[in-house]
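This document opens with one chain alone, in structure tokens, the form predicted on its own.
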Amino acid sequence: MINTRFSALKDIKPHEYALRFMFGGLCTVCAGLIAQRYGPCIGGLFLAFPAIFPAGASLLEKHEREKKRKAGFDGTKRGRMAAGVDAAGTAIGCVGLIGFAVTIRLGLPRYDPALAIATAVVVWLVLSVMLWLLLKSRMFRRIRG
């Protein structure tokens, strides 16, 4: 189900990378300004915004649509489905991010910051992979009927 296709990186144009970096940077600046005005807790809420997801999902939708159009099909539905699958992965990653944040919150006051962050990364990874495996098994069960 998951595969890596490094050749797809060649399909991404430099201005598309720039758009992602610009949107991510803009979101980070906004979170910083909000934190400066209202405090780090409120700023942290906005820092958790999936900064590059909107740009990434829209570019993914566009690429999939164009790929199908080159083959002579409309491609709109395919593009939207690809963006939807991307959103599902983002949602899983967000649940992992909750585990990361809780681990950091509990670990930082008591332990060395490097240990707390390393533990939080492991929690994020384990949670995200387990949720993905659960989702994958449910999807295949539904497909098999």
Partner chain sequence: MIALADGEMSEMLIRFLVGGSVVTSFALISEVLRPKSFAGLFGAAPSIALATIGLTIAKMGVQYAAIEARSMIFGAIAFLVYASLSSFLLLRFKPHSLTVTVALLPVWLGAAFGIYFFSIGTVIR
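Keep in mind that what you see is a predicted model, and the values were worked out from it rather than measured. Positions refer to the first chain, counted from 1.
A second form of this protein, the form predicted in complex with its partner chain, is not displayed here; the remarks below concern that form.
- The closest heavy atom approach of Lys68 to its partner chain in the predicted complex falls outside 4.5 Å.
- Residue contact with its partner chain in the predicted complex: Leu115 places no heavy atom within 4.5 Å of it.
- When its partner chain is considered in the predicted complex, Thr119 lies well away from it, no heavy atom lying within 4.5 Å.
- Leu125 belongs to the set of residues with a heavy atom inside 4.5 Å of its partner chain in the predicted complex.
- Within 4.5 angstroms of its partner chain in the predicted complex, the stretch 74-93 places a non-hydrogen atom from each of Lys77, Arg80, Met81, Ala83, Gly84, Val85, Asp86, Ala87, Ala88, Gly89, Thr90, Ala91, Ile92, Gly93, taken in sequence order.
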